[in-house]
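Shown here is one chain on its own, the form predicted alone, set out as structure tokens.
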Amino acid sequence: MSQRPALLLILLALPAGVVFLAFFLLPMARLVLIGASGEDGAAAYLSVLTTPRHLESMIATVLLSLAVTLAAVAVSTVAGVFLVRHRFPGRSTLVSLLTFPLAFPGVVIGFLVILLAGRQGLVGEVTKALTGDKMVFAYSMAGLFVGYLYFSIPRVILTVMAAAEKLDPSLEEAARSLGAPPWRVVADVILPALKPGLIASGAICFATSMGAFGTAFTLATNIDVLPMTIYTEFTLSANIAGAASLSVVLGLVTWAALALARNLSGSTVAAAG
């Protein structure tokens, strides 16, 4: 009798195992082997530290992703808690509009940034009318920051709203009744309760920003982030081994961020029972 359930479990897990092997393990193994197949061998994986351009690209990518993550979490926490706590006409429409950027690919978001802050963009026209000088930042790290923030906020705000709906209002009322000022209620009750959701959504935001390519490709004039470096190594320099090694390093950094988030997320503190 015990053999049948075990056999059934094996048969049920077999399709998932085949997909995991064919679409993840084998391609990743091939990528690792290609990364070490160049003139430098396995030392190619250290090029992100030994090659100045690769190192600068990695640092710029990490700093940009961290900045986008912090900004997205800050904006989405305030907006998400407000939307959960308040009901008003048009709320559903507003939530739909806030999540609408999820429907856009990176190329479209890059084009929107150009329309906003490009050479013929709205910001340039307004600043020229006010100061006589046209402000253009779409083709820089600032423009890429705006683009990444645009598609990161919806990912974070949905998670924050889901976590905020589980908050127990009685804990906040108890804190207020004990004389806690509003900022202490936020710091000691609301934020600890939202911590798992904030860490999880922040990790996803960071990982997405690290590997985003479409927006960077659209805006890539004075931008040197790691996905663009990988693209140029592969297409312009025909350095397949170098592109593969950088891809593996990028994947490892992103995986490490996600693993750290899982360890730090913990459990919800003040969720309703």
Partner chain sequence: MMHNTLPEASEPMTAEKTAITLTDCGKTFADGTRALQPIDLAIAGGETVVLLGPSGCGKTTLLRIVAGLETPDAGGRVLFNGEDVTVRPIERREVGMVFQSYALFPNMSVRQNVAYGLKVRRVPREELTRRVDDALEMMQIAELAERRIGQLSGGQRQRVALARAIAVRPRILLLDEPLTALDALLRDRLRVEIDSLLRGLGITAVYVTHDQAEAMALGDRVVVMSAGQIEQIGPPRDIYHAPATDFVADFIGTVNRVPAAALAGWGDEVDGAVLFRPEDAEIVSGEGAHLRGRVASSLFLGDRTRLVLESDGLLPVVVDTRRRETIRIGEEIGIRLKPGHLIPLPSAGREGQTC
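Positions refer to the first chain, counted from 1. Since this is a predicted model, take the numbers as computed values, not measurements.
The form predicted together with the partner chain is left out here; the points below concern that form.
Of the residues given (Glu173, Asp133, Glu125, Glu165), Glu173 alone sits with a heavy atom within 4.5 Å of the partner chain in the predicted complex. Comment: the partner chain is not present in this chain, but in the predicted complex one of Val113, Val189, Ile153, Val81 has a heavy atom within 4.5 Å of it, namely Val189. The shortest heavy atom separation between Ser177 and the partner chain in the predicted complex is within 4.5 Å. Heavy atoms of Pro182 reach within 4.5 Å of the partner chain in the predicted complex, making it an interface residue. Note that among 198 to 206, 116 to 124, 81 to 89, 165 to 173, the stretch whose heavy atoms approach the partner chain to within 4.5 Å in the predicted complex is 165 to 173.
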